[in-house]
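Quick setup: one chain, the form predicted on its own, written in structure tokens, and binding and motion questions come after.
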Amino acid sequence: MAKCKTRRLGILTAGGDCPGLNAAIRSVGKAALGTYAMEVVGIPDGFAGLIENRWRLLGMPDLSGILAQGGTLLRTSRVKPDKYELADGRVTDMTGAAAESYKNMALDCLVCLGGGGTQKNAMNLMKKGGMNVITLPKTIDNDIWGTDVCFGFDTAVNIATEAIDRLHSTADSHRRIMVLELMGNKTGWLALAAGIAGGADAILIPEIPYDMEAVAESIRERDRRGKRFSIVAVAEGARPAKGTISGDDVQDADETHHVATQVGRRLENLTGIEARVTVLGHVQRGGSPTPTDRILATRLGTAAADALAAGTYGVLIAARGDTWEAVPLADVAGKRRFVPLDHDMVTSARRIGTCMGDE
């Protein structure tokens, strides 16, 4: 049996749920238990469970049959150890309590599965709490710095693409503009990928502020060419460019939090074509992970077990092409991976005539 520098690890899932979490828990746990004979401690409800010293040992039976399941066996929360809300509403720093629980659980390292916020929280626990930590990149937004891709992203792209496919037939039947809002508050990876895969005619993402008149003109031009419908994929964080906001836009923003509703109303006014809005919401984060996400989560999970065995702590286990890399958490925490304006997907979208909202 391989020599191992970690005897007992804790594992938790934090932030929003996404497909692939159970696959990652399974692979970390099975490799740690089977290959390295470690003890695996499951911590429920994210950092809340750590702060409150709640845990249980996980064995092979706990990890059986969960590969294809969505959600997370351990459940999750958005609790932050340094900004913990007490029952009376006061917010306090519970990093010390989390560190004490870490000691009570006799952990050698804490494995945190999560998005950008989780990377920062893990970094805080390492620096202020003196804990050994390893993180894994999960988020459908695909915006964690330092990794090529995050698990959960591929499944969300598949779900969003299917939604766009289904909108095509109803849009064509009625001569409509169909506006589909997708997740992506700060970055547009999901809207961009699904928009291209689904053949959207316009894609609006946070990295490229849009001019509504430019979007409307692209739809009017399609209408002049006899196209009966247009599909607009919009990330929830997409925003108009400065100097292009009209009074109607401001009024719409007061009435709804959904950018797709604002976009749909303005496009209907500007083009005279009926517009309908679909907000996909949390559907994008649910359900069984795709084979691609299952494989990615398994690869990164077993890589995390290898890093644990080697005593490599304070890192994000990042996807690098067909392999993985341990990226120092100090290089990752607090950073976000945005869509580059010259990214191949953006260039490809423009070359096939997709309106990106700026021209």
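In case it trips you up, residue 1 is the first one in the sequence shown, and so on. No experiment lies behind these values; they were computed from the predicted model shown.
The form predicted together with a small molecule exists for this protein as well; it is not shown, and the discussion that follows is about that form.
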| item | value |
| --- | --- |
| Among 127-135, 170-178, 184-192, 216-224, the region lying within 4.5 Å of the small molecule in the predicted bound form by heavy atom distance | 184-192 |
| Every residue of Arg78, Thr139 and Arg285 near the small molecule in the predicted bound form, heavy atom within 4.5 Å | yes |
| The unique member of Asp154, Glu236, Asp108, Asp201 whose heavy atoms fall within 4.5 Å of the small molecule in the predicted bound form | Glu236 |
